[in-house]
Structure formats: structure tokens, C-alpha cells
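Take a look at this single chain in C-alpha cells; it is the form predicted alone.
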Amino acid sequence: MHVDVFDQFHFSESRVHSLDPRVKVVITVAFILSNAILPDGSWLALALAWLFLLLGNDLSNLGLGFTLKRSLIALPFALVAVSAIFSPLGEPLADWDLGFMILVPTDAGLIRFASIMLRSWLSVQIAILLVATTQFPDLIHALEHLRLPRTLTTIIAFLFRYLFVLTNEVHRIQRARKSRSARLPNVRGGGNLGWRIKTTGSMVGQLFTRSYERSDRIYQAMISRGYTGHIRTLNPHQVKSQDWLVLGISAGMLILIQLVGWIL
């Protein structure tokens, strides 16, 4: 499996792509924090935040609906906040007797749940836009410049770099198992549940052993080639006047979103 399966970068000659990665990371984090501190029910402020995202999509030449389509997959995970509907604050909207418990949804709880869903949805979209417009080595290098612990950035970098290697190992192990598990036509194969558990455990053990041995070989090869714990990139990082301008405009828009959310 090729690394491009995991790399979501989309090359384009756009203003967003040309921005310094540090600026994009700062804007992304500030956008997520801005959404998180907005009061519940700040619909107008959340709408302005979405317009900010649409502007980013348009300037990236990826299409207005680029992040929208890819962010829908994350909405089911936000459903874990469904318990907020039954907040004791606010006026009751119904009375659901389940026999062993009574659930009382409230208007304040419904507003909180909708706000959490929208915040999560917008945050996922800005993260998707960041990854789609920033190459992974540049993103890791930007995190180093922003004083994220080097150990953490190194772990993230190697996790991404060798994720496809582990996937290939899994496919090879599965292919070897299938080649040794012949079965008659129209006869269900695979053995019983105990056999499946034993086989799966053996495959996991083989994967761990192979990964450990390969990691040691790779590390020794890196040391012999001068690796010092610092990840390098071919793209020079220099904050230009355009980057400062975009950062200033973005900060102004986020401040406007906060003013709208807390005042209106």
C-alpha cells in the first residue's frame, strides 16, 4: 500500500498552500479554541466561523465543499454528546419513561447538544483544510518551530511514515494465512471460534516481532546516515509579509466572531 493512501495533501498553486506552515497551524488552533469558548446557542457566530472556513476553501482552490464532504464522517463521533440533551437546566420538552429510567430532554440541553455538534463539525473541517494544504514534513517542522516537544513530533512523524509499512506487513501475513487455509468448494472454512482467536493472536505476535526487528534495523541505518533526532525538510520556512497579513486578518475575523457570540 502506498503512502499516498494516508497522505491527504492536495497539491495546488493557491494562496493557502503558499502560506507558511506555522501560520496555518496557529490559525487552525486559534479557530478551534475560538469555537470552543463560544457560548451555547451562538448561531450567528458559528455561521460566521463557517463563512471563514468557506473563504479558506475558496482560497485553497479545492472547492467550497471540499472540507464539508470530508467532515461528515466525523459527525457520528460527536453523537457521544447526546447526553447533553438531558441537562437538568432549562425547561422540559418531553418525558420519556423507559421503564428502568426516565429521560427528560430540555431546551437548554438541546441547544447545548446542537452547539457541540456544530463546534465539532467546524473544528474537523479546519483540521482537514490544514492537512490538505500542508505537506506532512512541513507540518511536523512547523510544530517543532512552535516549540512542541521534539520527542512528540518525532513520534508523530515516524508513526505516519511507517504506518503504510505496517499495513503491508499485515497484508502479507493475511495472504500467507489464506494460502495455508485451503477449503473445499461450498464448505465454510476458517475453523471454529477458538481456532480464529488462536490464529489472530499468532498474527498479532508475528506483526509485533517483525515490526520490532525492522524498527531496530531502520534506526541503525538512520544513525549510520547522520540522524541526530532532528527532522529536516527541503522547503525553507520563512514568515513573509503576506503571512503576517493573513495572520492579522484571521485574528481580526476570530475576534469579530467572539464579539458576535458574546454580545449578540
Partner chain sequence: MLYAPTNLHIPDGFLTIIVSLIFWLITIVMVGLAVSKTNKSLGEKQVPLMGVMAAFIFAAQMLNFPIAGGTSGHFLGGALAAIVLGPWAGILVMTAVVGVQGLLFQDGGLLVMGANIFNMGILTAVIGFGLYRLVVHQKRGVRLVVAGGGAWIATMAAALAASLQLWLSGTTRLEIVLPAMLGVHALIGVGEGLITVAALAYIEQTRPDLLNAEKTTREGGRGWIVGSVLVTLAAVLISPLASGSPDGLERVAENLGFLGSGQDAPYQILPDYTIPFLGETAVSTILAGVVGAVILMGLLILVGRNLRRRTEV
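Positions refer to the first chain, counted from 1. Everything numeric in this text was worked out from a predicted model, so none of it was measured.
Below: the form predicted in complex with the partner chain, not depicted.
**Student:** Just give me the single entry in 239, 68, 32, 26 that has a non-hydrogen atom within 4.5 angstroms of the partner chain in the predicted bound form.
**Tutor:** Exactly one listed residue reaches within 4.5 Å, namely 32.
**Student:** 110, 146, 116, 93: which sits within 4.5 Å of the partner chain in the predicted bound form by any heavy atom?
**Tutor:** In short, 116.
**Student:** Is residue 128 close to the partner chain in the predicted bound form, meaning a heavy atom pair under 4.5 Å apart or at it?
**Tutor:** Taking the distances in the predicted bound form, the answer for residue 128 is yes, it comes within 4.5 Å of the partner chain.
**Student:** Determine whether any heavy atom of residue 179 comes within 4.5 Å of a heavy atom of the partner chain in the predicted bound form, and answer yes or no.
**Tutor:** Although the partner chain is absent here, residue 179 would stay clear of it in the predicted bound form, with no heavy atoms inside 4.5 Å.
**Student:** Give a yes/no on whether residue 159 approaches the partner chain to within 4.5 Å in the predicted bound form, heavy atoms considered.
**Tutor:** Close contact exists here: in the predicted bound form, residue 159 approaches the partner chain to within 4.5 Å, heavy atoms only.
**Student:** Even though the partner isn't displayed, in the predicted bound form is residue 221 close enough to the partner chain, meaning a heavy atom within 4.5 Å?
**Tutor:** Residue 221: no contact with the partner chain in the predicted bound form.
**Student:** May I ask you to list the residues of 159 to 180 that have any heavy atom within 4.5 angstroms of the partner chain in the predicted bound form, in sequence order?
**Tutor:** Stretch hits, in order: 159, 160, 162, 163, 166, 167, 170, 171, 174, 177.
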